[in-house]
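For reference, the chain that follows is the form predicted on its own, supplied as structure tokens.
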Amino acid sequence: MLSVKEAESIVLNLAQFPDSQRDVETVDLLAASGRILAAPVTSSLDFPYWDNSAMDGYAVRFADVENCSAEKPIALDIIEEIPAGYQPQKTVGSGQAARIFTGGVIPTGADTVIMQEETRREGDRIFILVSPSKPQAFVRQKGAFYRSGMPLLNPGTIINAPEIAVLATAQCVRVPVYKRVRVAIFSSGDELISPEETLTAGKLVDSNQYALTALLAQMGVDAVRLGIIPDNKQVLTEAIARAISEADLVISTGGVSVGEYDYIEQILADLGGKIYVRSVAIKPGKPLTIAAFKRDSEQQAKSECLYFGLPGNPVSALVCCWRFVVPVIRKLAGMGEENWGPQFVQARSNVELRSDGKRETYVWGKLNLVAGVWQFEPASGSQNSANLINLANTTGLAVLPAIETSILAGELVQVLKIS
């Protein structure tokens, strides 16, 4: 049985970072939302595009107004009005000013903006009542935020609303992104039914496939649901063969324990898969099968398909997915290396946390930031791998190391952030 760290290292080494040629596509700007940038982005434009005003006020020459005050105001002639989007037509000379609005282009000759609250206007003349502290006051200088040709966004960047704004500003309307990771999902077991079916004695509603599909959707993954596969070796073999031929990664739940109807591991071997993990010293989630299949890289987006056989118990399936599958998908998707692994924080436990100390134990609950300090509160009720009811509202998993049997209330604990 492998430790959690050993299993994590194995799966991250198996996961192949996308190829910068084969696994890239170019999409329209808005279609890039939620995708991962596949190539560096630069722009031929400076930003700001030109010197512009940060205030509503008057564009002036600093030399004209550097010694003025309310007692000794400087009078200037207004020669032009410059709203945003207007190209100035005149040059500001000695003793002159231009009325300017926020975002307006600074006219030739002017080098400073006086905010309107520090002026008094009389007809076509303006009286400057306060001396600016320095030249360029309230002037956004061309290229102050970004110089053309410099790196703008790096590969591995997740393109969310701020990045869309940057790309739009740079007039990058076609964006190179990595292809979406394609994940096939199915649940196995004769006891399972879908939520739409009538529940009868001995049956269980399949929640795993729905939970995992939702989790993958949040990650921008192209999920393919294969449904519920019965405990029939031939049917399972056909389903797994189809899944590994169509997907970059396959997730199944159930069928990976040691029961008479747990066929998954043997089927993987029969189909040519190399099994790297059979069980992990984690609670919940000990029975965990991880395999890899080599494929023809000329015909597939990626040359290897990874298989995760997760436990059937709902909490075990999600814990294993959060801990092992999510980091792998991040790498397969092309995220920057600093974002692959699980995200842990140190939090203060609100109550005592217990485990038997035999395996690395994950306690689910709520992670909150209070006055700058992370705090963890475990879910009330039974911490049982089959009890998914108190899994609702979970935002973190507190980790008790294999040798740790108790973490007292008020002590720090490592917590895996999951949302």
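Every value quoted in this text rests on a predicted model; they were computed, and no experiment measured them. Throughout, we count residues from 1 along the sequence that is shown.
FYI, the form predicted in complex with adenosine monophosphate (AMP) isn't displayed, but the following is about it.
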property: Contact at S187, L192 and T253 by adenosine monophosphate (AMP) in the model of the complex, all three, heavy atom at most 4.5 Å; result: yes
property: Contact residue in the model of the complex, from E118, E265, E163, D206 (heavy atom within 4.5 Å of adenosine monophosphate (AMP)); result: D206
property: Contact residue in the model of the complex, chosen from P284, P107, P327, P314 - any heavy atom within 4.5 Å of adenosine monophosphate (AMP); result: P314
property: Segment assignment from 339-347, 81-89, 141-149, 304-312: heavy atom within 4.5 Å of adenosine monophosphate (AMP) in the model of the complex; result: 304-312
